[in-house]
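Before any questions on how it binds or moves, here is one chain, the form predicted alone, in structure tokens.
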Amino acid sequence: MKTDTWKNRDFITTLDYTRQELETLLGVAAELKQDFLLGKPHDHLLRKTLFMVFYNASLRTRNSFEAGMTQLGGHAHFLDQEKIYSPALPGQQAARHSEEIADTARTLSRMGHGIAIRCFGSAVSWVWGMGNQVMQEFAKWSDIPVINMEDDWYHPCQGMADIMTIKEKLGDLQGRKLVMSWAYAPDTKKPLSVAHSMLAVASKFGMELVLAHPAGYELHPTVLEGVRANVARHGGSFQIMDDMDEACRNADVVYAKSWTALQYWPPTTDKLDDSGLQALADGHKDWICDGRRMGLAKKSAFYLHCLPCNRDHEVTREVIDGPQSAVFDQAENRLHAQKAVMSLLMR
């Protein structure tokens, strides 16, 4: 469902929004953050309801959305897998306790003002891309905005909080160097959604973007095509390299986190290949953001991570708990960025 105005638009990926629209979102988020700090009421969604459908666990996402709706004067319903039927795409309704998304979406549309969904991985039987299919199916049938709280393709709310944090610290982003780097983690199934969304939004602000990862951890070609198109339109640059040290050199921002390797997931494989995922990851345990690598970046550089992180694997404690870390600024900005999204789409 799409319209030509802010009201009732879906928020599934920032690739669907122009730079001007994203700047509007950031402006509203900054105003709402200022109101929050001053204790100024901003009940823009008075008596409105958001249905939060969590097919996966969450800490920052659930609490930032729930607190945000309260601060906006509305209410958020928390629906986890024990409180809602499993999502069934057309023709899939065979399992017990499942319901076709078309029915769920149309029912909730009659009762509230927005549906926010988190769905990937185990919730869709470890088939990569099916979480996004669930999101798109909700959007197809819903008459109220569908907000993506993370699927296997995108995490646009995290991306908005990330770019908000970067702009707060750097101001004008034109020509600033952002490194999005893979990092080792014992958990080999982390989605690509954060890396996809960070590059999708940053590529609309003229930044010098570097994607760094070992062979086997490529991002999806469709997303990379969108990033390159944004760079061609808005300036900056985009390059991919397999050397984390070289990537970090003279960086303004180092965003290092783990993501999975798609070649070991259905539908590319018949079933999830855990041993292949583990073997690939174990060969790259040296991909960690430590003090030495942050020392290759600019002295003013800062480190980002969406959390939760694997300390001593993705990043050392001296970095994430040190003066160059901005991860808790990021976490806070989830609240303000999402309040801006909800205020504009659900008003």
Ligand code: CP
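Start at 1 and count along the sequence shown; that's the residue number. Remember, it's a predicted structure, so these values are computed and weren't measured experimentally.
Only in words, not in the display: the form predicted together with the named molecule, which the text now covers.
Heavy atoms within 4.5 Å of the named molecule in the predicted complex: which of the stretches 245 to 253, 70 to 78, 149 to 157, 165 to 173 has them? In the other structure, the partner sits against 149 to 157.
Looking at 319, 50, 29, 306, which has any heavy atom no more than 4.5 Å from the named molecule in the predicted complex? So the residue touching the named molecule in the predicted complex, by this definition, is 306.
Considering non-hydrogen atoms and a 4.5 Å limit, which listed residue (60, 42, 298, 311) is close to the named molecule in the predicted complex? After the contact test, the surviving option is 60.
Although the named molecule is absent from this view, report whether residue 189 comes within 4.5 Å of it in the predicted complex, heavy atoms only. No.
Using a 4.5 angstroms cut-off on non-hydrogen atoms, would residue 334 count as touching the named molecule in the predicted complex? Result yes; residue 334 sits at the interface with the named molecule in the predicted complex.
Answer yes if any heavy atom of residue 118 is within 4.5 Å of a heavy atom of the named molecule in the predicted complex; otherwise answer no. So residue 118 counts as contacting the named molecule.
Residue by residue through 211 to 246, which ones have a non-hydrogen atom no more than 4.5 angstroms from the named molecule in the predicted complex? Going through 211 to 246 in order - heavy atoms within 4.5 Å of the named molecule in the predicted complex - there are no hits.
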